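Starting off, we have a lone chain in the form predicted alone, written out as structure tokens.
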Amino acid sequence: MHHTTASSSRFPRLKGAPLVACLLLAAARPSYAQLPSEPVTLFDGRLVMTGELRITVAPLDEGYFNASDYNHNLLRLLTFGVLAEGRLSDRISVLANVEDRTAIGRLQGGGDRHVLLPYALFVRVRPWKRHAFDVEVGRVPRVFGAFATAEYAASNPLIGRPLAYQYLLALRDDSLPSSTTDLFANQGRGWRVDYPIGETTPAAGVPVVASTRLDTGVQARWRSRWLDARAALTRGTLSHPLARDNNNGNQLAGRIAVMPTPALVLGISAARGAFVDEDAVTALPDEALRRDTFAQQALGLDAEWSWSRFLFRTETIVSSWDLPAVAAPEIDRPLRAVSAMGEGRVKVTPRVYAAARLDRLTFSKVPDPTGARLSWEADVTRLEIGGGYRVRRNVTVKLAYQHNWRDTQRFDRARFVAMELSYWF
């Protein structure tokens, strides 16, 4: 399941990917000005459309360090997205974001190679023209955390995502471990989690915060010169957002960002929601356990500081999941994960920048059959360094080196060189 050093140097056969890359590079030349470089506006500005095309290539990740939903490797993906905003009036808009994702190369472990997603679809209402307050209803943007906001994700200086927003854990909402023995058997196997309670078919686990899917519900946002406050009531949780409710529970989440100066942003986020699927709760052997609420709750702190040609970001997330204590050795307390990330970027020239990110994901301890307390999941560390070159204003090439360490006996580390080409309008 894991990636070995020997295989990390073998790049996949990418069939149509080099052709797409060549076409994009050709489009970047000044003589090829046919591709739009600005948002497309129709009907006197009432309909505005933007789009992005990204192709990301890297070696085969046998350790699934960069695995995401649909069994996609985020370093081997062709993505095309279109965002449309229809302005029905000065106070009401409809926004839709559709993404087409296609896995590049061999798809490990099965899954959906090609996925067309209604990534976002919501109505935005601004009750007062003079106040920067709006309400969004539908499949709305995430409010928790810094990276989940559109501004940060779109300006990601590297190719990989922070571990908290991507790395799959040995956790599922529809399948539950009966004891800590089941947890230990699934350590480092987030791409294929297998538990005995609820859905028994092996499937992918969840990350701390799912960044490739949005929430469904209602969100409110208020902004001023020095404050950005958001709150949302949605279905599912941070780890597993849902379009359809599966446990008669909701999530309440919020974030407050303070900007004392234009160069400094300080943020705090919190969320709590019902995590476990109702069918999995029904499958519990003890009726008393079925009356409990098994929730995910999280707290996040983030900061961003810019100075001259430099930009620094840091983010820490503490998340916990309540799971039932069914059999010995019991899961005697909520399972906890702590993520800590630091990132820096420097502009070398107006077209060239360099960046680095250090990431660490650690886990709380639970009792094993001998009585000793061990981490319920394998700790992970990631270092990614790289940079980008802006071919033209809306075409960027990125190159990055990523090194992963994991506390497992087999396939405990993996190294990748990845390249990404992106075009947007």
Partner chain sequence: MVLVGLVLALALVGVAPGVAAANGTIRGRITLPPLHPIEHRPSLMQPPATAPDREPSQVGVVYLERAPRGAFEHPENRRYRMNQRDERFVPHVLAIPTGSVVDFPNNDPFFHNVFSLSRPRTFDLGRYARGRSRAVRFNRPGIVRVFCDIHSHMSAFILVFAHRYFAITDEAGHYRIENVPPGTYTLAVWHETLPTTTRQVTVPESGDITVDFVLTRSEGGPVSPKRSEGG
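Residue numbers count along the first chain shown, from 1. Computed from a predicted model, the values in this text were never measured in an experiment.
FYI, the form predicted together with its partner chain isn't displayed, but the following is about it.
Novice: Given that its partner chain is left out here, which of V48, V397, L358, L374 has a heavy atom within 4.5 Å of it in the predicted bound form?
Specialist: Filtering the options by heavy-atom distance leaves V48.
Novice: Using heavy atoms only and a 4.5 Å cut-off, determine which of R291, R244, R309, H114 is in contact with its partner chain in the predicted bound form.
Specialist: Comparing distances to its partner chain in the predicted bound form, the residue within 4.5 Å is R309.
Novice: Among the candidate stretches 262-270, 167-175, 335-343, 295-303, which one is within 4.5 Å of its partner chain in the predicted bound form when only heavy atoms are counted?
Specialist: Careful reading of the contacts points to 262-270.
Novice: Contact between R161 and its partner chain in the predicted bound form at 4.5 Å, heavy atoms?
Specialist: Heavy-atom contact with its partner chain at 4.5 Å: absent for R161.
Novice: Examine F122 and determine whether its closest non-hydrogen atom to its partner chain in the predicted bound form is within 4.5 angstroms.
Specialist: Yes, F122 lies within 4.5 Å of its partner chain in the predicted bound form.
Novice: Is it the case that R221, even though its partner is missing from this view, gets within 4.5 Å of its partner chain in the predicted bound form, heavy atoms only?
Specialist: Residue-level check for R221: yes, a contact with its partner chain.
Novice: Please tell me whether any heavy atom belonging to L95 falls inside 4.5 Å of a heavy atom of its partner chain, as the geometry stands in the predicted bound form.
Specialist: Within the cut-off, so yes.
Novice: In the predicted bound form, does every one of D44, R87 and A132 come within 4.5 Å of its partner chain, counting any heavy atom?
Specialist: Yes, all three are in contact.
Novice: Taking its partner chain in the predicted bound form, which residues along 384-418 bring a heavy atom to within 4.5 Å of it?
Specialist: Heavy-atom contacts within 4.5 Å come from R390, R392, R393.
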